[in-house]
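Listed next as structure tokens is one chain, alone, in the form predicted alone.
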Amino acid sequence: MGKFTYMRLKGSQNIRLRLLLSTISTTPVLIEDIRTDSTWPGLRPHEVSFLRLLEKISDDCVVEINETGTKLKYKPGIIMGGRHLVHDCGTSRSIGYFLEPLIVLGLFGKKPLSIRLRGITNDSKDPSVDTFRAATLPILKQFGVPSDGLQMKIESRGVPPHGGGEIILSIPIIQENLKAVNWIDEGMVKRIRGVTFSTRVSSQFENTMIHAARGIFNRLLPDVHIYTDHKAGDQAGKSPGYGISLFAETTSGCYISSDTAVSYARMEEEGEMDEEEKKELIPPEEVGEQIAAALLGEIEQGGVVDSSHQGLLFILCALCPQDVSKVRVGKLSPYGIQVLRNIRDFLGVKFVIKPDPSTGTVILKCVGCGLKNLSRKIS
């Protein structure tokens, strides 16, 4: 192990992002002082689960964690991909937490990736699996990822605290490299689509959310369709909950999304809540109105993606060939800024950031690092 030069990092911030970029750039990392001052020091269950997932899709990667979990040594291996893989994401974060890095890594595998992920499909913290299916996968197509073999199937739903959801994700490999983009036209919103879900509660909750959301959208445009997805039995997971995911499609092929889910808190979030407080959930009518307003806020900000997709967009631009990529986003999100800093550190790619005062948006340009898929099978 001594012959490797490790990039030394400190703290628990952006561990998932750092491990993703470490794997893509084949840079071994040593992360120290992981929550050393916290009541529960060290890596969280979802971070350990993410490391196990990296081991599952890679060959020859090495993970070393000290006894307290406050120090992590990671040497990336070769991304293998593979069929019929299964991973339990646990219940401390939703499947959405694992999906963003997984779809990037899957593109650079030796073989196409097909994996069954179990856990929480919808919560209020991470993007839902519906958002990934409707808004995230189309972003990949902009960068030349073939749509053949790019899909996600939702087998069952699961919400906090006990999960029970299951999805199957398929990611094709890219033959050589991604395609640089010039993606600055966000277009005008032409239609709004969405899906509501409910598990172990009345399906009437879904109709209430749809009615509330449509009450806002119908004043603005006629083409609004929100579908219901009521799950029962084994497909309804292990906890009661409901939620809504909305997507606006624009005339230039952009997808802007917003979503949430309502359920009881996870154990570590409950703290000192008594039994009475635990039973209060946000009424479905308020949920519908809040997410409709949140989607309009994302549209108003402008940009070709919403704020939750900025990080993924910047990573894909940085991995493009050594050609100029140019994209427009709304106000830079805190996570987006962290991604730009880590891209600079791991890939050596710097973005030129130019505000566009007339629209309140920001245009970013970069020359990609020219990452090629060297691990793919040469046929």
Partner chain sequence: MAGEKKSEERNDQGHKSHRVKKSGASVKKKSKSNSNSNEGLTKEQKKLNNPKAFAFTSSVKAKRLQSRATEKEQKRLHVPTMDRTMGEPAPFVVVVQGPPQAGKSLLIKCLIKHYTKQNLPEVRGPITIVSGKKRRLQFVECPNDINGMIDCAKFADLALLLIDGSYGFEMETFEFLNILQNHGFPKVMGVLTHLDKFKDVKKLKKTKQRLKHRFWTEIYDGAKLFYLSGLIHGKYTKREVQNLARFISVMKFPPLSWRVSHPYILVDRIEDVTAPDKVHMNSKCDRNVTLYGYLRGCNLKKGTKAHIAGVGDYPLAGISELADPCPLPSAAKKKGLRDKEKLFYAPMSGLGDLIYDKDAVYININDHFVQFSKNDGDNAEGINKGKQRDVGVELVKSLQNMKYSVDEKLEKSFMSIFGKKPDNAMANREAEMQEKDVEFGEDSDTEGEDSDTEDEDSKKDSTSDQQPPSQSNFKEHIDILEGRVRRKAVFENDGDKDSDGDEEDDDDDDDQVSSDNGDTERDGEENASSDDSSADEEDQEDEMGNASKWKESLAERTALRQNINLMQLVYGKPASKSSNDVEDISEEESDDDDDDFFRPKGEGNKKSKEGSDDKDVDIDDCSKFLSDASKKDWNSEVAVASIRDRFVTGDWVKASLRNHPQSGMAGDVDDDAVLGEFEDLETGQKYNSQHVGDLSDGHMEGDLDPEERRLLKLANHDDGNNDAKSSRGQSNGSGYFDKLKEEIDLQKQINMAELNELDEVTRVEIEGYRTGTYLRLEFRDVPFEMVENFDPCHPILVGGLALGEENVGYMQVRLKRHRWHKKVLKTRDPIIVSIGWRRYQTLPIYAIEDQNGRHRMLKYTPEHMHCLAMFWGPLAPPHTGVVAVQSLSNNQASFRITATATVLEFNHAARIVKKIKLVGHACKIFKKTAFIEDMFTSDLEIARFEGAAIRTVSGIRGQVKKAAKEEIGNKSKKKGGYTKEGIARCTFEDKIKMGDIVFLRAWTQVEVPQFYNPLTTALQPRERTWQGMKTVAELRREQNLPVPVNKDSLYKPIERKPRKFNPLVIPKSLQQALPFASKPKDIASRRRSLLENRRAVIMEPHERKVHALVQSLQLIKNDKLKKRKLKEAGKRKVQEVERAKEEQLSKKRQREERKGRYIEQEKMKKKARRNSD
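Positions refer to the first chain, counted from 1. Here the structure is a predicted model, which means the values were calculated and not measured.
Keep in mind that the form predicted in complex with the partner chain is missing from the display, and what follows is about it.
> Using heavy atoms only and a 4.5 Å cut-off, decide whether all three of 110, 341 and 361 touch the partner chain in the predicted bound form.
So, yes: the whole triplet contacts the partner chain.
> Against the partner chain in the predicted bound form, would residue 211 count as a contact residue? Criterion: heavy atoms within 4.5 Å.
Close contact is absent here: in the predicted bound form, residue 211 is far from the partner chain, nothing within 4.5 Å, heavy atoms only.
> For residue 80, is any heavy atom within 4.5 Å of the partner chain in the predicted bound form, or not?
Judged by the heavy-atom cut-off of 4.5 Å, residue 80 is in contact with the partner chain in the predicted bound form.
> Would residue 348 sit within 4.5 Å of the partner chain in the predicted bound form, counting heavy atoms only?
Because a heavy atom of residue 348 falls inside 4.5 Å of the partner chain in the predicted bound form, the answer is yes.
> Would residue 294 sit within 4.5 Å of the partner chain in the predicted bound form, counting heavy atoms only?
Yes, residue 294 sits close enough to the partner chain in the predicted bound form that at least one of its heavy atoms falls within 4.5 Å.
> Can you tell me which of 91-99, 148-156, 233-241, 202-210 lies within 4.5 Å of the partner chain in the predicted bound form, counting heavy atoms only?
Result for this chain: 91-99.
> Pull the contact list for 142-166: residues with a heavy atom within 4.5 Å of the partner chain in the predicted bound form, in sequence order.
Not one residue comes within 4.5 Å of the partner.
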